[in-house]
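Shown next as structure tokens: one chain only, the form predicted alone.
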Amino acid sequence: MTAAEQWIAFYTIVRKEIRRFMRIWMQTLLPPAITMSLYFVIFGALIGSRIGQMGGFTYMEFVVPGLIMMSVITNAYSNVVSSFFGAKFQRFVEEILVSPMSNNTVLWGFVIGGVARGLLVGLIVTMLSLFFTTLHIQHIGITIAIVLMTSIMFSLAGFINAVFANNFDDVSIVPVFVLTPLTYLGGVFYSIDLLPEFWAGVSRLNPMLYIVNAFRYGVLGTSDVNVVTAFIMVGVFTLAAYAYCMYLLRSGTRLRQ
């Protein structure tokens, strides 16, 4: 295929992915909006009013960046894992693999679809948060960069999960038993400065801590970790996930039956 034909194929996959989650918006966009609204009400307005300030900000201001990033992560991941596993389950993934499309075209088509859903949900949650607090973005470049890099990284991770999933139960294992615990323990609801020295050190092994704090730095201008380190970690994980996804596509591991 020529470069122009590859772009047409890429555009077709992206359009299909976006139309897929927009068509079932009551399942893909509405639930996270409702869930995050409940977080804002319960943790921000009710509990936060009793906690007071966190890191020099009201508790609502402190938790909002983490909740926005949590919605981006889960939705970017979920979109790719559900869509690509659906292609495997319905057995039309073989048609994609034997087509003239390059592996890069196939991979990035699904990934950009996941990024689109993650960013859209993140935007919706951000708009909802404005009903509860006021956001003044301090570093717009850092904010945009960390959101894009994180959504790409977790879209790639969702692709890997979809390749190895044998049934629909396998699709939900990683989000439930890995992503959710890491996110909740990644400094979304608290500053690691509140933790004892040992547990603060353990928390620094959690990659989610760096993602959440890099985004919080972009929005609020404060962070518990070094922002440069956060970007390096996200970049390394993204490149590693991309390389592994390309290996899976080239080798046909768990794809060609």
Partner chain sequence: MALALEIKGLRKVYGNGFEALKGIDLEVKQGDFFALLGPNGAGKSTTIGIVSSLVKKTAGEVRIFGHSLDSDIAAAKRQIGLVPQEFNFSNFESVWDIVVNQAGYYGLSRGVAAERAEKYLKKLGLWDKRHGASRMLSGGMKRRLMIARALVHEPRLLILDEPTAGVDIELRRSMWAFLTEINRSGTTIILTTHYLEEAESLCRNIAIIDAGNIVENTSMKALLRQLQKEVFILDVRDSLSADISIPGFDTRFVDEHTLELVLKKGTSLNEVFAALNSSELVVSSMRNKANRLEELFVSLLNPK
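Positions refer to the first chain, counted from 1. The structure presented is a predicted model; accordingly, all values stated were derived computationally and were not measured.
One more form of this protein should be noted, the form predicted in complex with its partner chain, which is absent from this view; the next part is about it.
Among the residues Ile137, Leu97, Ile173, Leu130, the one placing a heavy atom within 4.5 Å of its partner chain in the predicted complex is Leu97.
Contact annotation: Asn167 falls outside 4.5 Å of its partner chain in the predicted complex, judged by heavy atom distances. For the chain shown alone, Met101 is a contact residue for its partner chain in the predicted complex, at least one non-hydrogen atom being within 4.5 angstroms. In the predicted complex, its partner chain stays beyond 4.5 Å of every heavy atom belonging to Tyr184. The closest heavy atom approach of Phe92 to its partner chain in the predicted complex falls within 4.5 Å. Shown without its partner, the chain has Ile8, Ala9, Thr12, Ile13, Arg15, Lys16, Arg19, Arg23 in segment 6 to 38 as residues with a non-hydrogen atom within 4.5 angstroms of its partner chain in the predicted complex.
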